[in-house]
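One chain comes next, on its own, written out as structure tokens in the form predicted on its own.
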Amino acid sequence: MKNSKTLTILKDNLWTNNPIFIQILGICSTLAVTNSMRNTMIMTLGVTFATALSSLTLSGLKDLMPRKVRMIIQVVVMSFYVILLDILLRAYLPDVSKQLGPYVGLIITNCILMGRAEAFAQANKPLLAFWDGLTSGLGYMAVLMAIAVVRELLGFGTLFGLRVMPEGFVAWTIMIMAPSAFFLVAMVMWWAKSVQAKREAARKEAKK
């Protein structure tokens, strides 16, 4: 992999074309798990794991897949990695697995996995596809973890379950409810698009 291309993919997935605030993908899990940093971290690591390995596998198989059944094969491959992740969580982190409940299995419905398989893995070599899947997952993780910090801190007064707010702190009940995630995601989108628009305007101005 050429360094210039890997850096471009990294920048694209973390910022320029981030899965959450640009592509608007994976929003359901944003609402479901971001009131707990621990659960958010496990979920986003799971999505990163599944996306990276699915992209790697599907890129390696792209020349062998008949076009008519390509999407069926993609779903089977993604399901394999999601099931593997679910088994590992049940075996080694049973408490987290119980708290996340059906959301781990629903990773297969996360649009990021299919999106990267169709948009990138089908047209690129396996290692580059793996890097794209990995960085897409990290871009997704960065946004969700930032939202989880705000929701857990204001909703429970804790971070990773450890109390950090002083005695007498009154928790914001709205922060542990799904609507707060909508508002926070909207604020992140607004901020990111504003920054990108200002940079683009400055770039055009500099060219004149």
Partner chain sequence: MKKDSMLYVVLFTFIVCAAFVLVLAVANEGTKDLVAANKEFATQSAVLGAFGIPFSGQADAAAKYASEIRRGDAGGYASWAATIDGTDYVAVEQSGAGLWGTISVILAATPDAGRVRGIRVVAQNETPGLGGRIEEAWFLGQYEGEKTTGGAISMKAGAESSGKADADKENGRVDGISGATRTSQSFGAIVDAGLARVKATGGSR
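For clarity, every value in this text was computed on a predicted model and none was experimentally measured. Numbering follows the first chain given and starts at 1.
What comes next is about the form predicted in complex with its partner chain, which does not appear here.
Checked against its partner chain in the predicted complex, the candidates Ala91, Met71, Leu127, Ala123 yield a single residue with a heavy atom inside 4.5 Å, and that residue is Ala91.
Screening 42-50, 22-30, 138-146, 169-177 for residues having heavy atoms within 4.5 Å of its partner chain in the predicted complex returns a single hit, 169-177. By the criterion of a heavy atom within 4.5 Å, Val77 is counted among the residues contacting its partner chain in the predicted complex.
Interface membership of Ile87, defined by any non-hydrogen atom within 4.5 Å of its partner chain in the predicted complex, is confirmed. Its partner chain is not drawn, but in the predicted complex it has no heavy atom within 4.5 Å of Ser59.
Although the partner is absent from this view, Leu162 stays clear of its partner chain in the predicted complex, with no non-hydrogen atom inside 4.5 angstroms.
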